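Read the single chain below, which is given as structure tokens and is the form predicted on its own.
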Amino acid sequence: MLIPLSPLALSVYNRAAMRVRYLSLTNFRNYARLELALPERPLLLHGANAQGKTSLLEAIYLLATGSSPLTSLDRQLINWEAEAGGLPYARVWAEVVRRDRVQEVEVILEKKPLANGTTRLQKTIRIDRVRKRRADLAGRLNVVLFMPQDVDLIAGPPAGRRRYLDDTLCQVDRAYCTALEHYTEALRQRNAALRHLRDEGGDPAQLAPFEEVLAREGVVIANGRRELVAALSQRADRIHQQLTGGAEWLRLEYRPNFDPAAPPALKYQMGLGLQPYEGPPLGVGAEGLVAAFRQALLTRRADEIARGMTLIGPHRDELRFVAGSPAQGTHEVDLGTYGSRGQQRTAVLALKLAELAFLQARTGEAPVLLLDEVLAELDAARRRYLLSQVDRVEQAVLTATDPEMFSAEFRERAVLMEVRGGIVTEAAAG
């Protein structure tokens, strides 16, 4: 429930605060039970691998976005011992402090038995004990998570980059998240209808209702992603130049699968990364974009029926990372294809710090910063740069197998806790 803050508390939290004050986990990953009051100082979780450090960060991320950063299968989040014991149930709950209020945020995962002997996973989201949709999480808790595997955002498949954009926007834009939910469901239904038409035949006109949803919500998604990429690109370039001492610049390019501004001959080739997206043609409003998308779906019907899948739309968008050096003039490098591992790490660090700045500018509150074993991947200069950002946020939670990787000064001002077998205990600093 909504808990109003006293005038004294408001004077403290009006510092643009956002933090998790209390975290409760039940049967989540390797936590059978955890009740943890999070400190106001930076929290450094240390311990051996596979003890639960990353899972704790994952739980906080789940509360912020409604999804795990590590898996698209929510059933994997349920503690295996609970499932083996006949209690296939997990709960993540937190008390979240923001500038003017304290709220409860909760995600429950439960396997429900079906009549045919199988199970389905039910995800329940509650805010102040009232059931909500994923889109209602927007603005409740904002986080920036940085993990070693985030380098795959640049070098990995495009689905990871699309998901990154979606998770970032869903933290602050309820309309975007709602459009994404509607688009995803309409896409699933249209693909099923396409396969039915291919295998059984029928009237293609039955696709029209799904296409209307895809066109309208797809424009919302494309516009949201385009604006986000532009905002991130501007910030990431400044940070990237600082990290490289001005030796390299960085540009993020949004390349939509369907671009209404592309010449007709290229519309069938969208998704090949031909050109970065500069936005719709001048004078073309939202309705014009919807009409263009609708017509493209209609034009491709025969081909898509034959393939049994929808081939155009934001579910096939691309995001590319392009870098260059002032010393090399106009020469550009696509970091996902030709960048070195070091260049990719620097670019993703710039991206994450740009995300932090974007979320703070969008909400007026610094997001919670989650850093999972990332210092080992960075050189000394980049470590110092990243740790300097900890002082810019209200709350930071970091993990490490070896706390000695952090300076004595940092360890003195942080709260150290050891994680062992899903149990968290406070340890002495230093």
Partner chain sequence: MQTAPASVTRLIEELAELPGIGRKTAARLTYFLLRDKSDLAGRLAEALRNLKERTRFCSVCYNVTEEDPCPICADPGRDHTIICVVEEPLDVLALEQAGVYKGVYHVLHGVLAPSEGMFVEDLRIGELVARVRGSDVEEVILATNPTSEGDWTASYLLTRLRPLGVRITRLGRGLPVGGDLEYADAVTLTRALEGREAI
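Positions refer to the first chain, counted from 1. Here the structure is a predicted model, which is why all the values come from computation and not from measurement.
Form predicted in complex with the partner chain: not shown, discussed below.
J.: Just one stretch in 325-333, 137-145, 210-218, 249-257 has heavy atoms within 4.5 Å of the partner chain in the predicted bound form, so which one is it?
T.: Among the candidates, contact is made by 210-218.
J.: Checking a candidate spot here: are Arg294, Met309 and Ile312 all in contact with the partner chain in the predicted bound form (at least one heavy atom each within 4.5 Å)?
T.: Contact check failed for every one of Arg294, Met309 and Ile312.
J.: Can you pick the one in Leu114, Ala205, Ala84, Ala302 that has a heavy atom within 4.5 Å of the partner chain in the predicted bound form?
T.: Checked against the cut-off, the match is Ala205.
J.: Which one, Arg188, Arg238, Arg99, Arg75, lies within 4.5 Å of the partner chain in the predicted bound form by heavy atoms?
T.: Contact check passes for Arg188.
J.: Would you classify Ala155 as touching the partner chain in the predicted bound form, given a 4.5 Å non-hydrogen atom cut-off?
T.: Residue-level check for Ala155: no, no contact with the partner chain.
J.: Is Ala192 close to the partner chain in the predicted bound form, meaning a heavy atom pair under 4.5 Å apart or at it?
T.: Yes, Ala192 lies within 4.5 Å of the partner chain in the predicted bound form.
J.: Although the partner chain is absent from this view, report whether Arg126 comes within 4.5 Å of it in the predicted bound form, heavy atoms only.
T.: Residue-level check for Arg126: no, no contact with the partner chain.
J.: Please run the contact check for Arg316 against the partner chain in the predicted bound form: heavy atoms, 4.5 angstroms, yes or no?
T.: No, no contact at 4.5 Å.
J.: Mind listing which residues of 87-110 have a heavy atom within 4.5 Å of the partner chain in the predicted bound form?
T.: None of them.
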